[in-house]
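Next comes just one chain, in structure tokens: the form predicted alone.
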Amino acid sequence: MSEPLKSRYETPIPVGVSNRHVHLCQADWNFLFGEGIQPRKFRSVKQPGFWACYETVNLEGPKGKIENVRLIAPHRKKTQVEIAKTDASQLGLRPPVRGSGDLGGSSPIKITGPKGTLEVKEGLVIASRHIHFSPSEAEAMGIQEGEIVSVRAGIGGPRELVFTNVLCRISTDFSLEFHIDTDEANAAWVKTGDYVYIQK
């Protein structure tokens, strides 16, 4: 058991800073963009099978609007909007901090696309900080699905800090990456492509 634990703390984990974005279900996509229209790939993201789209939407809350929020494809079973706390303040909303897909009781949000405006009753969250692992990466590092770890970021920098309550998620669809939002990245002065380490 000692070798996986050693590997866990010494393995550099790449950072993926997650800007505000939207995952749409097929029905909501059809409503906002039209049936028969397909999302166009803008660029790949590190997680296999996912990509950022050229298409964007506007988000609206009681106090304000955020325009040109990028969509992530492919479609999901349920629409999910992920923003940072700073974004939530701009919109005048108080979404919960949740793991991806845990949308029950989450905040409502108004989404506008080229074909109309959709009022989603629940689906707005601030994403829990988390690490993606493939099964082989998790095994090598002695990580279990759902395990909570702490991560040291910005090592040697002026804002070095430790993120606690980091959720570990394992799937054959995943590749090793530490996901935080823009507020968290700014706090630690880290960017996409930097490396972090699990804290002992």
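In case it trips you up, residue 1 is the first one in the sequence shown, and so on. Values in this document were obtained by computation on a predicted structure and should not be read as measured data.
From this point on, the text means the form predicted together with a further copy of the same chain, which you will not see here.
Only one of K46, R70, R152, R169 comes within 4.5 Å of a further copy of the same chain in the model of the complex through a heavy atom, and that residue is R152. Residues placing heavy atoms within 4.5 Å of a further copy of the same chain in the model of the complex fall in a single listed stretch, namely 161-169, out of 161-169, 49-57, 31-39, 135-143. Taking the partner from the other structure, a further copy of the same chain in the model of the complex has a heavy atom within 4.5 Å of a heavy atom of N186. Using a 4.5 Å cutoff between non-hydrogen atoms, H130 does not count as a contact of a further copy of the same chain in the model of the complex. Shown alone here, P95 lies within 4.5 Å of a further copy of the same chain in the model of the complex, counting heavy atoms only. In the model of the complex, at least one heavy atom of I126 sits within 4.5 Å of a further copy of the same chain. For the stretch 62-90, the set of residues having any non-hydrogen atom within 4.5 angstroms of a further copy of the same chain in the model of the complex comprises K85, T86, in sequence order.
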